[in-house]
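Let's start with one chain on its own, the form predicted on its own, as structure tokens.
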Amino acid sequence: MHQPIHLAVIARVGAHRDFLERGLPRLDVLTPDTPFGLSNPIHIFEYQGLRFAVLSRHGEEGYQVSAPFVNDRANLYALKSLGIAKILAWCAPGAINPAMAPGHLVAPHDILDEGDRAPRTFFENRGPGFVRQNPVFCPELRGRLLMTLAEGPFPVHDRAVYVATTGPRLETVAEINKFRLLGGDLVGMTLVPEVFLARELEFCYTALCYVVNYAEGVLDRPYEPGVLFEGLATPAELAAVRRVEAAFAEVALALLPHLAATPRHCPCPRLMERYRLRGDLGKDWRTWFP
């Protein structure tokens, strides 16, 4: 593929179908083999002359792979091999902060890693990988994302601490109470280790969350067997979530041209520079891995 692919969207199950339903031309579907295994399918689309990739974390047809078992290293390596430098991560956490209601959009600014999912680095049993995590999300992309979302139809929160857990189980009331005391606003399972791995590959990476439920114990919700979240979200809240999900492609297409045009004056392209200067890593990132 000769024309550059400007950025990637990593999103929910079968996210590519939202763009197909809007009539966007799909140019290719790739499943690269990487040193870390096969990636998930990568769908290449074009919109107003802009080429972008769409990758679904959990599967194409259903929730085939739960969060702890997503092969983030293969997915990110594959995106990097296509020349992609920017990533918009779309994810669906629960709210610890009650001001962040189901159906709201949130651009988190920080991460609280409370999980035990591994690996969190591409450089297991090696020296490189000691990377500063402030800011953990690309400040250039995140700033442009918030400017664009301000004109949209959904309530937007411009700061939040995302608490990362392992899953696939949901959290206990005591855990949510602990996370609240630690300053957490959202709780989810997908941004870690994805964001940390993306930084090791020097992506510009930012996240856009849509709240799908209140976390356990935030509100008094009786258990309801057999329904989504077992009663953590009311029918009215789930309807608000479905409205956001239905607008996913519309929101993404409003963002993508702005994100693609955002300059990379941020630290992201140079996060591994110390290791290059020291001679631990070559100039070509493909030589970093056996």
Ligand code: HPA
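The numbering used is simple: start at 1 and walk along the sequence shown. Keep in mind that what you see is a predicted model, and the values were worked out from it rather than measured.
One more form of this protein, predicted together with the named molecule, exists but is not displayed; see below.
Asker: Just one of 180-188, 194-202, 118-126, 131-139 has heavy atoms within 4.5 Å of the named molecule in the predicted complex; which?
Answerer: Selected stretch: 180-188.
Asker: With a cut-off of 4.5 Å between heavy atoms, is Ala78 one of the residues that contacts the named molecule in the predicted complex?
Answerer: Answer no; every heavy atom of Ala78 is more than 4.5 Å from the named molecule in the predicted complex.
Asker: With the partner left out of view, is Ala215 within 4.5 angstroms of the named molecule in the predicted complex by any non-hydrogen atom?
Answerer: Because a heavy atom of Ala215 falls inside 4.5 Å of the named molecule in the predicted complex, the answer is yes.
Asker: Is Pro108 part of the interface with the named molecule in the predicted complex - any heavy atom within 4.5 Å?
Answerer: So Pro108 does not count as contacting the named molecule.
Asker: Please check if Leu170 has a heavy atom lying within 4.5 Å of any heavy atom of the named molecule in the predicted complex.
Answerer: Contact check for Leu170: yes, within 4.5 Å of the named molecule in the predicted complex.
Asker: Of the residues Leu149, Leu112, Ala92, Leu88, which one places a heavy atom within 4.5 Å of the named molecule in the predicted complex?
Answerer: By the 4.5 Å criterion, the partner-contacting residue is Ala92.
Asker: So which bits of 221-242 sit within 4.5 Å of the named molecule in the predicted complex, heavy atoms only?
Answerer: Just Phe229.
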